[in-house]
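Subsequent text provides structure tokens for two forms of one protein chain, presented individually as structure 1 and structure 2.
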Structure 1
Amino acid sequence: MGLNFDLGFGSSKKFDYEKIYDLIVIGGGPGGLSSALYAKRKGIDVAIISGSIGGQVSDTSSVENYLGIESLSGEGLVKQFKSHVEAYDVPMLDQKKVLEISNDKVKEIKLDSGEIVKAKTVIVATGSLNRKIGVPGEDEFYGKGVTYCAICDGPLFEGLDVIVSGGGNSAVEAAIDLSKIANSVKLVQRSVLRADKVLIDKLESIENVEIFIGHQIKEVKGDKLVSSVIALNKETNEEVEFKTNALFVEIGYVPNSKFVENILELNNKKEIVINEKNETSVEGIYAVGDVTSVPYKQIIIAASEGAKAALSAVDYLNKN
């Protein structure tokens, strides 16, 4: 059990529900935090609203490709990002979700806890959510053994048998982490493993892990809780049933753009369409990071896009 203390509030000033902010940043991942930092340094009155500060970086066990930081836990990197922004006294509302943004000159932003906040400009940095496999039983058993957060739910399967679905870095990392908690881990992947070679080598060296490539998951079965997963062996064309207590789905991401689909232009992948200045289809609303049409979803990319969007918003505020 982790007895570390991940304080989301920090020492930031209290959020003011009454005033009209120059800029509200929605999302506290690397994109959002970097936007807020840049805007504040330009003297803009900015605040952050986020579901959870850190975004996907909080769900990452270790980051090794952020320039200047050879290797650090996701949590550690979030701490550094956050304290950097806090040094500038940016108010942060944590653990709040935005349900809607109005398409007016002064944007009204509706929160899931009921409040409404106002801003002249908005940066949407809401990142992405786990993609579903889309098979029978997946929704039915969500929270009953089907899960999309290995860090959150892994501890619930101590000593039990689990399956991880996926073949990218996050799937392989999840399998490695789970092997330390669970009795057994099966990595089930439709095609081949696409993860970095260092991670695959590590996975293959772990005793309680079995890898099934070329296996496509067809169904999740169970009574009250997940009891097995059916997969098709694509080579033999035979179905196999794996007994399991959990299915950790790690097959990629879909953008968190649903709450703006009525006001912003999205592409066919549901990403917010932006131009090189991070402008969306609505004046005064900008977007950055995983939620946008910019290719390659990475921390350093989200952070640099955040800087760009903030400077764009500052330009707009100066002109209007």
Structure 2
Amino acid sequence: MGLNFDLGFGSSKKFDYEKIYDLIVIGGGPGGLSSALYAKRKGIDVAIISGSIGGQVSDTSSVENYLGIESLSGEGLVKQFKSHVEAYDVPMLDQKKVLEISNDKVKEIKLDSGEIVKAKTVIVATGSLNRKIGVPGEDEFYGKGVTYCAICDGPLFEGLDVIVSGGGNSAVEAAIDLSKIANSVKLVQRSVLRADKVLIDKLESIENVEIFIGHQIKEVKGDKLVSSVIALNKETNEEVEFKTNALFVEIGYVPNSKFVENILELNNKKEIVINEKNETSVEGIYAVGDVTSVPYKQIIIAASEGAKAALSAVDYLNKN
């Protein structure tokens, strides 16, 4: 039975299933990659397990608020993060989902493949998942016109009519990006727009974009593919049917914490509760980024929290 695998990340280091690592980082976004980098530079044996390297940053069209980088695509920023970590030969186990973590001195991490890996400390950096509207037709037409990633799927609807649901930065940015390739874009939001003013101003200046405030989506309709969306006009209490080829859902995220809900303390938002040292309710387990109770879900905050969690884990290892 072969226990070492070349994971194709450009790193010469291979993941060893038999080893008890000093630290395993679960998650490959900015928080997880930063954690691994800081831990490795402190001389401890660290590895990363991730469903996908980069996390949601990979789906971001443009990052313009990361200190020292004036403007770069999310994919480009992830490439730089990953390259930096790879330079330290940190083994990365990609496309693996963690099902549970044991509450033992040596943590056993069970993977969806049935394999179990072990570590003295763990950092949970699993980020968040797309929030669903929760209306009839949304699940039925997922991948058939309903999508949660404008960057990924926008080109599929070039020259067609699309709807974006949401009112925050991600929704407005999606509408702006889609306006460049779609025939028309309708932004449908049940309340006020919460995006940055500079983005709203830009959106309002685009000719093929219509904004419908006070409209709540109630149903997605179609045959084999999406053909329309039913929305409730909250002012008139009347339903309106918007013809469309696609619905891009951009209404925020929920923490990816379900796999630890039976072991770690969560708050009422299902976020992992941490203290100022990123310690969770279980000794030896730390958490960073969007999956935690730390406010303001930003790339730079996740990266800084990752560094802090790694230093806390190193302190713990030095004392134990």
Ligand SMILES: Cc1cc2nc3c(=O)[nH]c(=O)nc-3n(C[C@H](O)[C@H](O)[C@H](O)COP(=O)(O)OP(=O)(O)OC[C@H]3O[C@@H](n4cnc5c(N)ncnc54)[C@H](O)[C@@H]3O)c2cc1C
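Residue indices: 1-based, along structure 1. All figures in this text were calculated on a predicted structure; none of them were measured in a lab. For clarity, a rigid core is taken as the largest C-alpha set superposing within 1.5 Å between two forms.
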Of structures 1 and 2, select the one representing the form predicted together with the named molecule. 1
At the hinge of two rigid parts that rotate between the two structures, the residue from E115, N208, E108, Y253: Y253
Rounded to the nearest whole degree, what rotation separates the positions of the smaller rigid part between the two structures? 12
Core-fitted comparison between the two structures - CA shift at E158, Å: 4.3
Shift of the Cα of L203 between the two structures with the rigid core overlaid, in Å, rounds to 3.0
